[in-house]
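Given as structure tokens, the chain that follows is alone and in the form predicted alone.
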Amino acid sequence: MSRTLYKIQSSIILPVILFTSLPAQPQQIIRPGEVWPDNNGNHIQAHGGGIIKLNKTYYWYGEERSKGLDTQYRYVSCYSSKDLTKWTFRGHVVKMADPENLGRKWVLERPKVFYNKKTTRFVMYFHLDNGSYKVAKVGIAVSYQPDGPFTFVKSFRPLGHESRDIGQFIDDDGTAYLVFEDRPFGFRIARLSEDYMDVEKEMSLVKEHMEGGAIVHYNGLYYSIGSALTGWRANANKYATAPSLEGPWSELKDIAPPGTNTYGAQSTMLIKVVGKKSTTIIFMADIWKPATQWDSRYLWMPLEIGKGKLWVPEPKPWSLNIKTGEWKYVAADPKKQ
């Protein structure tokens, strides 16, 4: 979430959404908005994150915002899972001091990792900025292991454009793309270079003031999701569709009832789970708590998607069969896990 100074006038009254915390325990089902314990019983710290899959293992990277961190550093955590439900903490893959004299409140946000098969390197992109969000660059760090450590390499403005919130997309053919917010023009979709160390070609510009960009390809259509520029405050996320990444993109539509402000969450990624019987698209989002950032939560829900329509159902506990690609709602009682 970019801590932007921009404000958007809105007549929507923000709902108060309360979630009940559960005692730390191994996670068997996905409970949107609740504490999500890792293998150590600690709430997962992978905010503004992204996920890649290697063989049968998923890796989730995100901002580490635990209490008691050394404030001169910025941290990125990594977790691994076989089923997208139970997560093992792999450690802090980034512990970085200010790389470019950006000042005390310098920013490292929304880390996204790509694995390059040719170079066998893991390439992490992230939003790099100063405290006033005027630098607006992407940073790159690399590692030869999924759980790091990642070493900072460089920063730049992709294709010469400002870049704040970023998202990642890997198409069905394996081509890697970066999604980045270029204020005041909108959010851009651009293809990475062959070695993933640069942004090579712009595919299209979605001409809306959006951040938290995410894309998925499903049944012949591309769906892009974004969030309005309201800082920490949740808003009504929207989506558009296109026959190709070059567009043309349709008009934006709501992904949830507008009055819910996307159930208090902001998009960060769309996860495509292809199983033997079905394909599930997961809406991956953050519920930010600016005053208690370590307690920020996650809202993951399977989407209702197809034929140009996309909708986030009301958040309820659910389970996923990673082999078949099927999901179902489950009882909320933790004893029924």
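Note that residue numbering follows the sequence shown and begins at 1. The shown structure was predicted, so the numbers you read here are calculated from the model rather than taken from an experiment.
There is another form of the same protein, the form predicted in complex with a small molecule; it is not shown, and what comes next is about it.
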Q.
Given that the small molecule is not shown alongside this chain, does Trp232 nevertheless sit within 4.5 Å of it in the predicted bound form, heavy atom to heavy atom?
A. yes
Q.
Taking any heavy atom pair closer than or equal to 4.5 Å as contact, tell me whether Asp182 reaches the small molecule in the predicted bound form.
A. no
**Q.** Contact label in the predicted bound form: Gln266 to the small molecule, heavy atom within 4.5 Å
**A.** yes
Q: Consider Tyr133 of the chain shown here, and say whether it contacts the small molecule in the predicted bound form, taking contact as heavy atoms within 4.5 Å.
A: yes
(Q) Heavy atoms within 4.5 Å of the small molecule in the predicted bound form: which stretch in 250-258, 77-85, 215-223, 107-115 meets that? (A) 107-115
